[in-house]
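Only one chain is given next, in structure tokens, and it is the form predicted on its own.
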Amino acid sequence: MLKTRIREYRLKFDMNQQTLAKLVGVRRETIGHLERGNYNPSLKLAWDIAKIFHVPIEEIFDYEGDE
């Protein structure tokens, strides 16, 4: 299961879902699905989100599950 810290970083940057969505070129609903863990991002989207927050991808996304 993919865990994300998008919401945490969004709030730290005082950013709403709509703003983040616009910055990375997706719909607001996509950000909501990502935050709830209902959607796995493409590598490009994960990269773009991490870049917005100036952190490595691993800081935002973590995979937990059957190895």
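Residue indices: 1-based, along the sequence shown. Since the structure is predicted, the reported quantities are computational estimates derived from the model, not experimental observations.
One more form of this protein should be noted, the form predicted together with the DNA, which is absent from this view; the next part is about it.
Colleague: Taking any heavy atom pair closer than or equal to 4.5 Å as contact, tell me whether A50 reaches the DNA in the predicted complex.
Modeller: No, no contact at 4.5 Å.
Colleague: Given that the DNA is not shown alongside this chain, does L45 nevertheless sit within 4.5 Å of it in the predicted complex, heavy atom to heavy atom?
Modeller: Because a heavy atom of L45 falls inside 4.5 Å of the DNA in the predicted complex, the answer is yes.
Colleague: So, in the predicted complex, is P56 in contact with the DNA at a 4.5 angstroms heavy atom limit?
Modeller: Looking in the predicted complex, residue contacts with the DNA do not include P56, since no heavy atom lies within 4.5 Å.
Colleague: In the predicted complex, does R7 come within 4.5 Å of the DNA, counting heavy atoms only?
Modeller: Result yes; R7 sits at the interface with the DNA in the predicted complex.
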